Every structure is written in structure tokens, then in C-alpha cells.
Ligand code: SAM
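For reference, the chain that follows is the form predicted alone, supplied as C-alpha cells.
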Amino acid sequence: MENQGEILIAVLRIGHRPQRDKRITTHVCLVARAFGADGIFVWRKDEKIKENLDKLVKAWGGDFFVDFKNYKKVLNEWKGMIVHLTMYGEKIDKIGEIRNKSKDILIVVGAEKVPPEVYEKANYNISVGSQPHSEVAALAVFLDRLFEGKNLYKKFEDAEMEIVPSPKGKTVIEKGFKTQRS
């Protein structure tokens, strides 16, 4: 799955509680975008998250959508594969099987207790390890394995800013101007 092309990779964030989970949900969005997903569905409306992501996409480039929809509606309308990331699922070793299906993929991550129907609707319930950990970490590991590490240093033509990897210091290109930061 080098380039998703016509394949849509989306994340469904279940259980977002605006007052409690805004930082974690924002981090889920950042990881989803940086590691190759096309967008995210958040089940409770939180315009601040959308505003922040829209600004980030404008500065760093690419296309990434943030949409607010009830998780049941998303699960029922999704035509592709559903992968639920959970500690209780099958080992992530199933990633090759998932990658080779060539279908749209909806990756479900929870914030609070995930309703049983998610386990039932999912084509795959996948565990990223068997110890308690963050959904942010699980999503990062899953997407990295799905794309075989190929999305870590992608560049966007429409980016206003770009990081240049360097052994020391910080090198940022801002609309054609290279700046060194320490």
C-alpha cells in the first residue's frame, strides 16, 4: 500500500469528550494526518479541533478532512473495511492481510469504553500490544505498519512550511525561505 490513490483511509474517533479529550483527540488527528490517513470523523462536534487542523493543513500542506458525525452513522454507511484498534484484538501481524485487501479502511480508536457494536461491526479488531497504552500510539504504529514506513517523510507541494532533516538544530523552509533555528 505505497500510495492509497483511490483508496480512502479514515479514522473514526469514538468517545471524544470536548472538555476532557481535546488534546488527545487533537493528537489523534495529528498522527492520522502525519502517518497517511486522509481524514477523521469525530463523533462529537468540537469546532476548535477543526479550526486547529485546518490551520495546520494550510501551513504544512496536503488534504485532510475533519468531519463530525455520529459513530453509528459512520459505521453503518462505511462501504470499506473497518479496523478497530483495541488491546483485546488479534495481533497486529494481520496487517499484511489488511493491506492486501485494497479497500477503503476506517480505523476506529476510542476515548472511553467502546460500545460492543464496534467490535461486532469491525472486520478486524487489532491489538497493538497487550498492555495498556494510548490510542495515539496504537494509531501511529498501525498506520506506520500499514504504509510500511513510507509516509514518515512525505512532502506536500502546497505546503507553506517544510522541515529539513538535520543532525543538529532546526531547519525550516517557509515559502521558499530557508531559516535556521536552534
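Residue numbers here begin at 1 and follow the sequence given. Here the structure is a predicted model, which means the values were calculated and not measured.
The discussion below concerns the form predicted in complex with this ligand, not included here.
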Candidate site M87, V114 and H133: all three near this ligand in the model of the complex by heavy atom within 4.5 Å:
yes
By the heavy atom within 4.5 Å rule, which residue out of V118, L143, L53, V128 makes contact with this ligand in the model of the complex?
V128
So, in the model of the complex, is A138 in contact with this ligand at a 4.5 angstroms heavy atom limit?
yes
Give a yes or no for V109: in the model of the complex, does one of its heavy atoms lie within 4.5 Å of a heavy atom belonging to this ligand?
yes
Have a look at 119 to 127, 33 to 41, 65 to 73, 144 to 152 and name the one stretch with heavy atoms inside 4.5 Å of this ligand in the model of the complex.
119 to 127
